[in-house]
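Here's a solo chain for you in structure tokens, the form predicted on its own.
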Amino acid sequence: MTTSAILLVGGRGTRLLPLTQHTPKPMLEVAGVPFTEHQIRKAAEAGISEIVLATSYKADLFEPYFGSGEKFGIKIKYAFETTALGTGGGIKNAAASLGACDQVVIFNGDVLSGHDLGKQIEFHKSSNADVTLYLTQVIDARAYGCVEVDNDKRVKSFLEKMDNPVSNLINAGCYIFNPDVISSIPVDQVVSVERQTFPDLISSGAKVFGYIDNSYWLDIGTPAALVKASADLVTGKIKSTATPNHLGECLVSNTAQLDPTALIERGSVISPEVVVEAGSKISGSIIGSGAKIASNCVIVDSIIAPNTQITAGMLVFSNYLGF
């Protein structure tokens, strides 16, 4: 049975401004590579044969980097939305580019997860499901779509953000659809799978199941979350084959120039051609290519844009400079 995938990467990433002023959210670097590369590698490892990137905002930046997918071990195609069609409309638009397959994995473009995608696919097949949702438990589900399941893991309700969640299981942003479910989504219409497709399928008696996995999960939709995701990947809190090989708990380019008295720690990424002068401390941060950090600076949980100059003695905490 063949499995294909669609990766939803068309959003503007407004919560990540100013980082997304010139770069779409999925192309922001996380642990040294564009975030989308982590998801594409995950798909390839799970045996997925082809993936369609559903693009819109700054769509022209994806193909020059990812190409046909040959170097990632998966066939990559591209679909473009001229107007925002919602999650369901975006899936329908992208599905037109897919070859024949038995099931389609849908990835949200802003979720970093350690869940076992291969096991989710196997669960989908063995359950003979129409749709299988990846679910994870959180302490407070108010900010997310919460999901109720019965003892057989069949979904009883799918409820978007609410003040008094009926469950602490949330929609974790990776779905498996049978192709006939995608066929039922109308063409060129704005459709939300969360608000329309899933509730309609459940009420019609379709076989919608939840695959529950409580390993690492993070929505990278804010700058603070993106910094955390990068550090967690570099330190190995979550594994990804897209993370470049490195020694120790930091990722430092071999073209960076670090003074021997500089301290780099807690999963920091030091990009090519960066200069870090004497006495500076960089902790849990991302320093963009060509940036210069003068002496005696302290940069913690922050992102410094490429080619930015940080003057001597500056203290930068949870900030995003140079964008």
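Note that the coordinates shown come from a computational prediction; the quantities given were computed from them, not determined experimentally. Heads up: residue numbers just count along the shown sequence, starting at 1.
Beyond the structure shown, there is the form predicted in complex with a small molecule, which is absent from this document and is the topic of what follows.
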property	result
Residue stretch of 228-236, 84-92, 118-126, 249-257 approaching the small molecule in the model of the complex, non-hydrogen atom distance within 4.5 Å	84-92
Partner-contacting position among Asp200, Asp188, Glu160, Asp150 - heavy atom within 4.5 Å of the small molecule in the model of the complex	Glu160
Gly145, heavy atom within 4.5 angstroms of the small molecule in the model of the complex	yes
is_contact(Pro223, the small molecule) in the model of the complex, heavy atom dist at most 4.5 Å	no
Contact test in the model of the complex: Val9 vs the small molecule, heavy atoms, 4.5 Å	yes
Touches the small molecule in the model of the complex: Asp130 (any heavy atom, 4.5 Å)	no
